[in-house]
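Given next, in structure tokens, is a single chain: the form predicted on its own.
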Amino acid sequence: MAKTKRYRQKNTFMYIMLAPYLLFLFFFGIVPLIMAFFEIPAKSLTNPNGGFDAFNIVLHDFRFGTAAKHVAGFMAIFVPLMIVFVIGMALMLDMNTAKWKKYLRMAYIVPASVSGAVAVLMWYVILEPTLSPFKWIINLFGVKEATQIWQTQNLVYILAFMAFFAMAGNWILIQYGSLQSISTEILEAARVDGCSAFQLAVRIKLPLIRKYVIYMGVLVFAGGLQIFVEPQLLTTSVYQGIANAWSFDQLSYTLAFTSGDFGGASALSIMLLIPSLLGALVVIYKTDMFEDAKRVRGQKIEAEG
């Protein structure tokens, strides 16, 4: 009885700690989603008859295909670059046994503090041939004017690298933390069996953190799909019109606040939510991300019973 009472007390504390998150999820996640769903049938200039035809109207908008092309190109560079580079750097950091490794970990997280508006301004200076500290390298490629770089067709590459350098540091440390969860007994057994450092990383460590890699891939994909701040700041502050409705989120913003089509903006937002939800389902049901917690909880219940 005493063990059961302690178990219930632990559950009570858990629910108390979880309550703030659930409140924020409800008021800033579920409620806006419900409001967006009921906003879709509203009449507008683009959907004068109202109804759920707003989905079809958005899909046939002349800007939708262009935005899809831009985001697809951005994701094709950004997502693989993030996953390969982050996992590679995390594995190398885990192999390093030097005492100054802690300072290296700190260095990885510094670029993550430069994001949004600051990142746009920083990259503008870096790529501006007359201002850049690397202008001698830029000049080697025959670039003398900023307009040679800052063109709409180049934004796929510029924004991909901008987002990569802003996010990679955080994810390197997260994946390094996942590597620390691997049992030292497994690693020692592999070394005894003759595993080299490379084999240990690829055949032992990487499979053991597979679920964390998938989790990272889903979040990186969802974050990249919703790119908004960087192209919006570029088109409104740096080079007027260079990235009008460049991404899906920008198109949604334009529909709502330029065209007054809140139904279309809501429809597009819900369409963007679907891939993120599918990714979350992959993490939940196709990996063992949550199986360990269930197993531990079941073992505790059996032990207390």
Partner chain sequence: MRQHLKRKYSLLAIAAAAVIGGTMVSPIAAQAAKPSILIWVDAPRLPGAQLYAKIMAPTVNVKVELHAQGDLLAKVQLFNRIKKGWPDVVFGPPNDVAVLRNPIINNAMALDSLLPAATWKAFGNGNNWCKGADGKTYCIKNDLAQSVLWYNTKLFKEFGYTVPTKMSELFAIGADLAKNHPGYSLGALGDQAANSSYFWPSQCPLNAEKSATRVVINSKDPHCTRVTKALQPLIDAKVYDPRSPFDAGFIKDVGQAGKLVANIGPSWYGDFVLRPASSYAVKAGEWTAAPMPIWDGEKVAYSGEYGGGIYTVSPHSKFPKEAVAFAMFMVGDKRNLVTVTNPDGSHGAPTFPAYGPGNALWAAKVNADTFWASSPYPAMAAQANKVFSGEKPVRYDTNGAWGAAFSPALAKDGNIQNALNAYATYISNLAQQLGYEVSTK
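Just so we're clear, the structure is a prediction, and the values are computed from it rather than from any experiment. Numbering follows the first chain given and starts at 1.
This protein has a second form, the form predicted in complex with its partner chain, left out of what is shown; the following refers to that one.
Listed stretches are 199-207, 155-163, 76-84, 126-134; the contact stretch with its partner chain in the predicted complex is 126-134, by a heavy atom cutoff of 4.5 Å. Though the partner is left out of this view, D193 does not reach within 4.5 Å of its partner chain in the predicted complex, counting heavy atoms only. Within 4.5 Å of some heavy atom of its partner chain in the predicted complex lies at least one heavy atom of A256. Looking at E145, you'd find a heavy atom of it within 4.5 angstroms of its partner chain in the predicted complex. Its partner chain is not shown here, but in the predicted complex it comes within 4.5 Å of a heavy atom of L23. Residues of 212-244 placing a heavy atom within 4.5 Å of its partner chain in the predicted complex, in sequence order: Y239, Q240, G241, I242, N244.
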